Structure formats: structure tokens, C-alpha cells
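Okay, so here's just one chain, in C-alpha cells, the form predicted on its own.
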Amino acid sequence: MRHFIIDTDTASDDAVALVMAMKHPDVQIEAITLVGGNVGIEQGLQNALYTVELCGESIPVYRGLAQPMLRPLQMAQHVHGVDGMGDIGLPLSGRTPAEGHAVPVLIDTINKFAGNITLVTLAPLTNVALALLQDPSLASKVTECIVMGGIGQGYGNITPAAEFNIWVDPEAAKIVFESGIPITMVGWDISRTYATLNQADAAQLSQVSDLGKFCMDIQKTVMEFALERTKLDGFDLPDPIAMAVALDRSVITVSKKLYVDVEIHSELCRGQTVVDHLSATGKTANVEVVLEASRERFMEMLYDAVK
């Protein structure tokens, strides 16, 4: 059994990623930790708790940091809806998170399962950065850290240079990327290329089960945004394909260990993951960057999760 911690700012694609993890047979999710990002912390908590309840699980969900380390929180409700789950009328209130704070939970859980713990981050890296600042030894105890964030190749989805999760809290991302924790970065370039579903794909997945219908229905506002703004033939699922990599590394078809830095000073390039493809800096590679993935394997895993 593999032990997972999932750090999330639960909105529509995070919820699908949570479903994939909860339905995977050899994964034990020890904790779900919440951070402000796609939506505010209280809404994110309710969204995660609702998803866990829907799957019939009893995984503890913990409140974490409500805003970035040094900046005001800027959310993505224009993408995911006011409630973060497509504004389709779900009852997303009234549930109570577990007692305790996400940062001590991250520290305690990683220490408890040192050498057999996978950390999956689907959100700004604020919680993880603070945990690493408080206990730098965590970096050597995590088996792997799958980061949905950044851009391995190409352009951003929040600015021309940056992907949303890294852009929201670039200082936190820089701390994590420099910590020595074994990162596999699944950037937005991977989801828009290998994890985009059109309306026909969504309709087909919706017919598999009630859970499949939930996973697709909550993409309502994402679909509208993607068609209008990102010019995709449908909507992409960044967090689910990152979770797919965490669950089964055969989803990766091409990756390369590269040096990656995070820009924190330039407002124009804030949050850019600067990937040294040509070893121009001469610095030691610190991140396994996913460059290509199997759409076929990803879709198989998505269907398996909602059967």
C-alpha cells in the first residue's frame, strides 16, 4: 500500500483528481490538506469534504493557509465558478474539517511514513513551503513529490509566462523547488496537450456512472472559459493528469531531469518556471520535468476511477 498526502485548493479539476486517488486500489490517502488558491480556503474545504463524502470515504481534510506567503490571494473563480465546482447547485456547505492545521499535519505525516510517502500538490505551494521551512528534513523523507504546476515547454494560462499555481505564490514555489525534495513537475503544457476533453468526451464519461456525471458536470464553467479564453477544443484537466502520474508513472512517455528555477522578482514574468533545457546555467538538475504523456493511458485511468 502506498501512502499519499494531497495538498489542494479544491475546485473542479482538483475534485476529479481526488476521485482518481480515492478510487485507486493500492493507495491510502493519509490526509487532504487545503490551501487558498482556486477558491478561498473555506470554499475549498467544503468542496473537498463534499467530494470525499460523495466517494463514501472518511479521509481527514485539514484547513491550511488561506493566502500566499507574501502576496494577497488571487483566485480563479472566473474559471471554476463562484463555488469552484461549476456553479451547478451542489450543497457545498455545512461540513466540518478535521481538527488541526495542514502544516503540522504535513510534517507529522511525512515523518511517520518517511521513505514511503507520496506528496501530490494540486495547488499553490504555500502549505508545503512552510512545512519545509519548519522541518527541512522532510525533503529527504518524501518518496516523490508530484507537482501540478509550472510549464515545461510553451506558454502560461494566467500570464504569457506563468501557470496559475506557481504564479499565485511564487515565493513558496521557489522554496519548494530549492529544497531538494524529489519533484516531478507536470506542467500546464501537459494537460492542454494530453488531457483535454471535448463535449463528446465529457458526454461519454458522464454516461459511465453517477460519479462520472459529477466529474463532468462540475466542469461547466471551465468548459466555457476554455472555449473562450484558452482556445482549446474543450476543457483541460491539469490536476487529474498530475494525479495520474502519481498513481502510475507509465503515463509519462518522455521526461527529463532538468534545473528549474522560479521567477519571483519580475512582475512581467512572476511565477515563471525557468526550465534550463540546454544546461545553460550549469546548475544541477533538481526537477524531473514531464515533457510528453500518454493520453490513452490517462483516459483509461479516468474511466477506471468512475466505474
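From a predicted model like this one, the values you see are computed outputs, not experimental measurements. Don't overthink the numbering: it's just position in the shown sequence, from 1.
Quick note: we don't show the form predicted together with ligand BDR, though the next part is all about it.
- Stretch 234-242 is the answer when you ask which of 269-277, 42-50, 234-242, 256-264 has residues with heavy atoms within 4.5 Å of ligand BDR in the model of the complex.
- Although the partner is absent here, residue 122 is a contact residue: one of its heavy atoms lies within 4.5 angstroms of ligand BDR in the model of the complex.
- Ligand BDR in the model of the complex is approached by residue 38, whose closest heavy atom lies within 4.5 angstroms of it.
- For the chain shown alone, residue 177 is not a contact residue for ligand BDR in the model of the complex, no non-hydrogen atom being within 4.5 angstroms.
- For the chain shown alone, residue 190 is not a contact residue for ligand BDR in the model of the complex, no non-hydrogen atom being within 4.5 angstroms.
- Contacts between stretch 146-181 and ligand BDR, counted in the model of the complex as any heavy atom lying within 4.5 Å, involve 148, 157, 163, 164, 165, listed in sequence order.
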